[in-house]
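Quick heads-up: it's one chain on its own, the form predicted on its own, in structure tokens.
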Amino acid sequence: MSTLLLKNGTVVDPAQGLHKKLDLLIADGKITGLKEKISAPDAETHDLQDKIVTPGLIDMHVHLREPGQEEKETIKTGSKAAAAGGFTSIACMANTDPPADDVSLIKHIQEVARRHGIVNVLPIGACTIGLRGEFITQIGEMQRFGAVAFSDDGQPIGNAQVLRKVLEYTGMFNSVVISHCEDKALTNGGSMNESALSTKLGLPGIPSASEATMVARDIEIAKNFGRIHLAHISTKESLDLIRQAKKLGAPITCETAPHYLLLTEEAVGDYNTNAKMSPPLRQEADRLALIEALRDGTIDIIATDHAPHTLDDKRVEFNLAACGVSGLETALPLLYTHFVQTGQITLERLIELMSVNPARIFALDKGTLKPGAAADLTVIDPRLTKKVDKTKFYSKGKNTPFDGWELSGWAAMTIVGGQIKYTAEKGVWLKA
């Protein structure tokens, strides 16, 4: 394996408290040197003057659709999109077809990822068989064969006793459950946030209580039976509950997604199906509460909830359209442009949210550039400004509400295990 020398980059590594210009040496897939001046005459050298070098970004909430819905996305196209977005590791949810609810599916995903994956693809196992919330899966066996967490995402576990049993089993293996917080009775077939706007548009609404009531239930269950990570939080009410529970020491963490930080229900406007999400886009007070929660530490992770769909899935009546956004290729520049450049959060905080904390919560040996660590790196070009062009996505999913937005801070280079997988000049680059 070749040796890489990255010179003159500004290294930002919150895990080490680093923010300074350093050289970085990579050999045999590991970081072997990190200091002000490194000389390695035989190394392939890249001058990263004016670039930012960070631990590789980690997205713990991605839908790759394989097996079963390859017309929407495959492990190959999804991991290409991840590399182009600056992600070095992605975890894929279990709601494939069939669901990843046994060891054979976990092995299948890993085998396809080994043959076609561009970045690290980490399978998440289902909590219950068929995602039906009834019978618990072989949690220990799936973890033994590579499942990094467990979730029925897309479906809540409605039966609290089943969730208790799942937590007791995952606790035996020091794993974590990712909970999709939705009370289906309150959602009641809704397609957007319940408000005056939903009434005006004539669309069935989803109340914020649909999320908050399940967050409250999960907090109480976590306090008694084990660790829960709350997925795609979207409401002020949920954040108030989470903030208070954390103060009392509840074993919970949570995430939100870029679209909840940047958009409100107003994006639905003219029945734009690319603004249809699950949970739905909320109101401005919720969006501002999410930003405050980024600052005060209530939110631990920003994940994309990458949910690619075909054009036909979205080119239908709003009530019938699929939910979700293709998010891997736009998350970094969206967050850099609208939160780091505007001074709402620091660059260090962004890297905590997108690399350090995902590694810590999911017990991954990643999220730092310490010598000896795996050479997973993201290089950011803060000067690179361009418009989002969905037609150029590597993902099969072109469903984005951000098409045409002008953004800065795009990924300039993505390095996985010491190999360059993407550069802004060459695109996804499969170097031998």
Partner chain sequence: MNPLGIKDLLGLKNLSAKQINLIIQEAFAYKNQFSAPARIKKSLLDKTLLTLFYEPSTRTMTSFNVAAGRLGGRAHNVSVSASSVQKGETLIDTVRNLEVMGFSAVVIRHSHGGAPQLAAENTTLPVINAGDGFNEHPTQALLDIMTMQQFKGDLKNKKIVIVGDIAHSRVARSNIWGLNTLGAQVTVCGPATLIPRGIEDFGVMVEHDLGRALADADFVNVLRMQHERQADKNFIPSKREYHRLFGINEKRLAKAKPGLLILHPGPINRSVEISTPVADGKQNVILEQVINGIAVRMAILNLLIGEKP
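This is a predicted model, so every value here is computed, not measured. Residue numbers count along the first chain shown, from 1.
Omitted from view is the form predicted in complex with its partner chain, to which the following refers.
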| query | finding |
| --- | --- |
| Position in contact with its partner chain when the complex is considered in the model of the complex, options L320, L288, A160, M172, heavy atoms within 4.5 Å | L320 |
| Interface residue in the model of the complex among N274, T77, N95, S195, criterion: non-hydrogen atom within 4.5 angstroms of its partner chain | S195 |
| Non-hydrogen atom contact G249 with its partner chain in the model of the complex at 4.5 angstroms | no |
| In the model of the complex, P204 touching its partner chain (heavy atom, 4.5 Å) | yes |
| In the model of the complex, D296 touching its partner chain (heavy atom, 4.5 Å) | no |
| 4.5 Å heavy atom contact, K200 and its partner chain in the model of the complex | yes |
| Interface segment, criterion being heavy atoms within 4.5 Å of its partner chain in the model of the complex, picked from 115-123, 254-262, 344-352, 308-316 | 308-316 |
